[in-house]
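One chain comes next, on its own, written as C-alpha cells: the form predicted alone.
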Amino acid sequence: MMSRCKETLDWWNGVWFTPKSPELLSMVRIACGMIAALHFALLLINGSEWFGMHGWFNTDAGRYLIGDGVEGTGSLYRWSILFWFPHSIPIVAGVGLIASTATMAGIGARVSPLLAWFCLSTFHHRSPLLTMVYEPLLVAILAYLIIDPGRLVWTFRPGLASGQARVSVCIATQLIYCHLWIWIAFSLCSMLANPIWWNGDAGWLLIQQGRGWLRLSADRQWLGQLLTHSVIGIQVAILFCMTQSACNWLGRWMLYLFALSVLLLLADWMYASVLLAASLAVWPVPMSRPNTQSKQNNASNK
C-alpha cells in the first residue's frame, strides 16, 4: 500500500514539478499576445459604442444585466473599473493593447501578461453577455502565463531570458493542458445536452444560417449531418488522445480538425486561433537551433 502511494506521489510530482524548457511556453505567449492585441485593437475602435455612457450597454444596463444587488447572481465578483470610470474605455483598451504587444514581443516579463489579463477581465466582467466564445479561454491562458511567460526576448530579469529549465514552466504548461482538456469536455457536454447534435441537425442549421464558411445546397443535407456527428467524434478523440501517451500525437490533428470545423460552421477564426494557441502547450512546435547544432557537430567531428 505504501509503495503504491509513493508511486502515485512520484507520478504527481513528475507531472507538475519537473523542470521544463521555457521554449515550451514561448510560442503560446507569442500567439496569445497577438490574439489579445487584435482583440484590444477592436475594442479601441468600437468599445465606446458598446460600453460608453450612451452605448448599447451603458453603465446602468451593464449593472442590471449582471444582476447587481440581486442575491445569488454573483455580481460582487464581476468587478470592473469601467463601472466607475466609463470614460476610461479607450485608456483600458490602449493599456491592454500595449501590454498584449509587449507580451507577444517578450518585454516586461510577468508584468505584461498580468496587465493584459487585468484589462481583458475588466471588459469581460463589464458585460458577460457580450463575451465571445474565445475570451474565457484567452483570459485563462494569460493568467497562466503570469506564472511563467517562457523564454523572453528582452527582460530586466536574466533568469527569465535564459533557456534554463524551471519548475514554473511545468506548472504553467500543465495548467494550460488541463484547462484545454476541461474546455473540450465542457464543449462536448454542452453539445450533447442539445438534441440537434444527436440527430445531426446542428451543423446543417448553422450552414443554412450562413454562420460559417461552408455552403451546401438542400440536396446535400446529409453532409451537414455528417459534419455534425464528426464534430462530436473529433472532440471525443481529442479527450482520449490527450490522456493516452501512445496516441497523444493524434490529438494534435484532431484539434486541428476541430478548429477547422469552427471555421466551417461559425467562421470564428479568433476562437480557432485561441484553440491552436492553447494546443501549443500540449503539442509544442519544435524549435530547432541550427547554429548551436552545427557547432556541436563540428566540435564532435574534431
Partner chain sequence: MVSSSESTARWRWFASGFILLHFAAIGLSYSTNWRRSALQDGLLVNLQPYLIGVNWYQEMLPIEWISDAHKTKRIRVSVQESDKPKDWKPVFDTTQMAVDNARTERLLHLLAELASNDDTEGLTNVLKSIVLHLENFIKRDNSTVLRIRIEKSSDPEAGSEEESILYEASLARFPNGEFSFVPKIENHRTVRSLNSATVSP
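Numbering follows the first chain given and starts at 1. Everything numeric here is computed off the predicted structure, so don't read it as measured data.
Not on display, but discussed next: the form predicted together with its partner chain.
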Candidate from Leu97, Leu82, Val139, Leu114 lying within 4.5 Å of its partner chain in the predicted bound form - any heavy atom
Val139
Can you work out whether Trp183 and its partner chain are in contact in the predicted bound form, taking contact to mean some heavy atom pair no more than 4.5 Å apart?
yes
Hey, in the predicted bound form, does Arg211 get a heavy atom within 4.5 angstroms of its partner chain?
yes
Is there a heavy atom of Gly72 lying 4.5 Å or less from a heavy atom of its partner chain in the predicted bound form?
yes
Interface membership of Phe17, its partner chain in the predicted bound form, 4.5 Å heavy atom rule
yes
Within 4.5 Å of its partner chain in the predicted bound form: residues from 1 to 35 (heavy atom criterion)
Leu9, Trp12, Asn13, Trp16, Phe17
